[in-house]
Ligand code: CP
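To begin, one chain is listed below as structure tokens, in the form predicted alone.
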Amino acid sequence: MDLYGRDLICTQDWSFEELMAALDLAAKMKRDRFNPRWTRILEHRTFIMFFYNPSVRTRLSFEAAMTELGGHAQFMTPSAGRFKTQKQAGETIEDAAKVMARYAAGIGIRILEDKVPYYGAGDEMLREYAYWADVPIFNMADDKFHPMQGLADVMGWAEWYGEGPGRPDYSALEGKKFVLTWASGALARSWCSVQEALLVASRFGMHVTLAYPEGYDLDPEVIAQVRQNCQERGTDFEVVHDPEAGYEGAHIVYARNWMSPNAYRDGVFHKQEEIEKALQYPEWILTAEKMARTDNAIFTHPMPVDRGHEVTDEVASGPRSAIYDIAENRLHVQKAVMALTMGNL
């Protein structure tokens, strides 16, 4: 399958077969991590990492991925240049994208909630870079989607219900119940990770339950796509607004805080207001008592975990927590995607 030159901004942009090509290669790379057949795929090539927002896992995993493929990851922030914004003159996206593409074999961009004036602006920016650049553009998390996290998530779930690390069984996910629940929290998180999780869970044949308090609706277009994915796979999709509902029969539970649709007003992200509002719902923390009502479910989270608000330590550090396996998988899926799109495998 030829994926050379492809952008990855949302998993929904790739066919199921294309996602599987990347996931299958990621599993091979995980099983045989330092095999010489991988270490020269991107030799002498540069990957630009453009960070509007910081990250531990994203920066470290992309740098490690490029190193293990024989290439180099170059870190960049907006302060390193003079970029045009709504409030200041500077270099346009067209010019920046075309110049960066002359230097690098691929470009990754991370831009989240507090760096955009309205929901969707970050995703729009990535797609404009993709329009102008003639090298792959990778979404390292924007305000709508987080495709590398989604791939790491589904790989981790399939390993837990498969034969273990590096041996995922994606068919084992079919018919499983996936519960995504809003959680209290002090971080006012964007929708990117949870929306990506809903998309991949629904595409891989899982029954999906979405739980959140009234007033915390996600993007209606994304939810419509999740419903369509479930319809195409013949699975159920339900929404509940009770913090105690939905856990019965669950196989995977994902608890994470996210902001409300009212977070942006007058071009400003009201972060502190979102935090104060979210902390008024302590009943929406994931506890061992709630997990006990599941079908021995695993706990999943993209990290960083807001322990004590989103989930208790007993669950996050418990024997059925998949968080570290999934964090590791960021490295492997990113290696696979970069090898396929930048290395012409």
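Residues carry their position along the shown sequence, with the first being 1. Computed from a predicted model, the values in this text were never measured in an experiment.
Form predicted in complex with the named molecule: not shown, discussed below.
In the predicted complex, G308 stays away from the named molecule, with no heavy atom inside 4.5 Å.
The named molecule is not shown here, but in the predicted complex it comes within 4.5 Å of a heavy atom of T58. Q149 belongs to the set of residues with a heavy atom inside 4.5 Å of the named molecule in the predicted complex. Interface residue remark: L279 is not counted as part of the site for the named molecule in the predicted complex, having no heavy atom within 4.5 Å.
Between the options R110, H251, H207, K144, the residue in contact with the named molecule in the predicted complex by a heavy atom within 4.5 angstroms is R110. Here the chain stands alone, but in the predicted complex its contact with the named molecule, taken as any heavy atom within 4.5 Å, falls in 298-306 among 316-324, 298-306, 279-287, 36-44. Scanning 323-338 for heavy atoms within 4.5 Å of the named molecule in the predicted complex gives just one residue, R330.
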